[in-house]
Structure formats: structure tokens, C-alpha cells
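First, one chain by itself in C-alpha cells, the form predicted alone.
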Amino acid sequence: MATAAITSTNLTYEYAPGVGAVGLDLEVPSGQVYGFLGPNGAGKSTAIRMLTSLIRPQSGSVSVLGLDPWRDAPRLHERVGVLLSDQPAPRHHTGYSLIELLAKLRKRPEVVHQAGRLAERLELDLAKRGHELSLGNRQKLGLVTALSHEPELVILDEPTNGLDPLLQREIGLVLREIADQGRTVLLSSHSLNDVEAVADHVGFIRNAVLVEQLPLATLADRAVRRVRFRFAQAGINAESFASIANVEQVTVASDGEVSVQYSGAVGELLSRAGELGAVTIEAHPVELEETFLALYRGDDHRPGTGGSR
């Protein structure tokens, strides 16, 4: 197994009971994309702030690339690239002037060229000033500044907010390339679909508690999904799918469209739909909370209650 780029034991910063991130035992393998999943307000951003020396943990310990984020912050900043969910773009800097400034601060003149190539790939106009950028373009600029010095570890908090599906896909390709080079990505998101497309390993945080970490291949057998079918014939009902073990719920709309919620492999379900004369199929994302409920239904170690940041 790969060594860990990030490890923590009982890492905690709690704003109020059940609010923040409590008792995190993270393990992010080196050279992989780690999807850090949780609903909005679950505690992802609080955890990331502890990993990036923005807030000091109240208790517990953490190692990032073998260093302490608080004591060794200057050394870590040279090796880590970070995009926060609320990271602003400097209002009066252009993309060019910001990148040139960062290159001087890092004493890495090659960063300017690397940033230009990435900006072109993400369709970002570096001539515009921060206050002229849309939300999506501010995200792109944040990504360029986080990635252009080719850090050993990349920590991204909801990096695809405000971006269209084609650019989301392109960012996924960039992150996979980073991991293929032996570097590490921690990708925070509330979207299971976004993370599944690029991750090797995932961790779930809910109500401030890290409830599980597992390889993506294991998650594929357990995650909840939904598809919709239209059939050439009428009369398709829930009983039509009764023999499929991993089907959890079947809903038939008034127009005859059939929605099926299931977990695990899709092969048997598709085979049955074909036998019934399906003429169209659409895949639809399921809310992450539904996946949590399915994953931990009946578990003894349910996460606690309360909100988080």
C-alpha cells in the first residue's frame, strides 16, 4: 500500500457541539486522488483549514507530507497547492500580474509559463482583473495559482463550483494526470458523481464526523444510483423488477416512466429492462445524503446529529 501524504489522529476543531470537524482519523494515500465527500456543512472546509494551517486544531495530531501544518507552515507552503471554497481573486491584479508575483515569491520563474499553459487549457483569460471575473473564472484562476508550481500535494475545496460540465471534465483529467505523476490530490466535494469520475479512494464526513474511508472500487458496490426507463409497452410496475436483488425502490410515473433506485452493479438491472422492452434510459444523480442513508442503514456507528461548517 502507498505511504500516506496526510495522516491525522483525533483531529478536532469544534465551533460548538457537533459543529466543525471532530475526531478525524484521516489517511490520504500518496500518489492518489482522495475524494473527501460530505453534504454542504458537513465539516469538510474546517478539516481543510486545519490541514493548511489556517486554523490550529484544538486537539489531535496531523502530518502533511511528514510535517506539522502549524509548526512547519512555511516549508509546507512550498510543497502544497491549495484552493479554498471561498478563496477570493485579488481585485486589482490581472491573472498575469498575480502569477508573476507568485512566481517571484516562490523564486520559480518557470511557474509563469506553466500557469499560461494551464490557463489556456481551462479557457481562462489572464488579462482580466479579479473584479472582472465571473465565479467560474475566479475558480479557474484559483486552480491555476494552486497547480502551476507543480506541488507534491494539491488540496482543493469544491473546485468545480460555477463551471460547466466540459470544464469539470477537463479539471478531472488534470487531477488524474497529477496523480499519474506520483503526486497527491485531496478533492473535497458534495457531489458523489464528480468524485467518482476521478478518485482512487474516498472518505465520507457527515455531521462533523469522518464515518468511513474506502477504495473507490468498494464504494462502487455500495453507492446508491438512479436510472429512468421508458418502455414500449404499458403495465411495467415494481413487481417487474422484483427479482433484482440490488433494486431498492421502483417508482412509476403517470406517463409510464419508470424510475429505479439501486445499489451496486447495473448489469442485471439493464438485462431485465431490456427483456421488458426498454426504449430509452437516463442516469440521474442521487443526493449524497441518500447514499449516506443507504451505506449506513442499520450500522451501529451512525454519525451524530448537528450541523457543521
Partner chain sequence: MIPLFLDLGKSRRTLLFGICFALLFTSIGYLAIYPSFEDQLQGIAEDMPDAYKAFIGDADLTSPEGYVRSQVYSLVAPLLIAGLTITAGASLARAERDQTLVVLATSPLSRSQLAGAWWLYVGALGLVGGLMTVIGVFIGGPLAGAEISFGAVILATLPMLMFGVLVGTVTLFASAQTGAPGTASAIGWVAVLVSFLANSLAELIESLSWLSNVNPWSWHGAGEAVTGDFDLSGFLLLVLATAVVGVLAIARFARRDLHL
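Positions refer to the first chain, counted from 1. Everything numeric here is computed off the predicted structure, so don't read it as measured data.
A second form of this protein, the form predicted together with the partner chain, is not displayed here; the remarks below concern that form.
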Query - Stretch in contact, per heavy atom within 4.5 angstroms of the partner chain in the predicted complex, of 88-96, 230-238, 177-185, 109-117 - result: 88-96
Query raised in the report: With a 4.5 Å heavy atom cut-off, would you call Val198 a contact of the partner chain in the predicted complex?
Result: no
Query raised in the report: Do Leu105 and the partner chain share at least one heavy atom pair within 4.5 Å in the predicted complex?
Result: yes
Report task. Verify the contact flag for Glu78: yes if a non-hydrogen atom of it lies within 4.5 Å of a non-hydrogen atom of the partner chain in the predicted complex, no if not. Result -> yes
Query raised in the report: Taking heavy atoms only, is Pro74 within 4.5 angstroms of the partner chain in the predicted complex?
Result: yes
Report task. Have a look at Val144, Leu192, Val82, Ile205 for me and say which one sits with a heavy atom within 4.5 Å of the partner chain in the predicted complex. Result -> Val82
Query raised in the report: Heavy atom within 4.5 Å of the partner chain in the predicted complex: which of Arg129, Arg169, Arg121, Arg222?
Result: Arg129
Report task. Pull the contact list for 10-34: residues with a heavy atom within 4.5 Å of the partner chain in the predicted complex, in sequence order. Result -> Tyr13, Tyr15
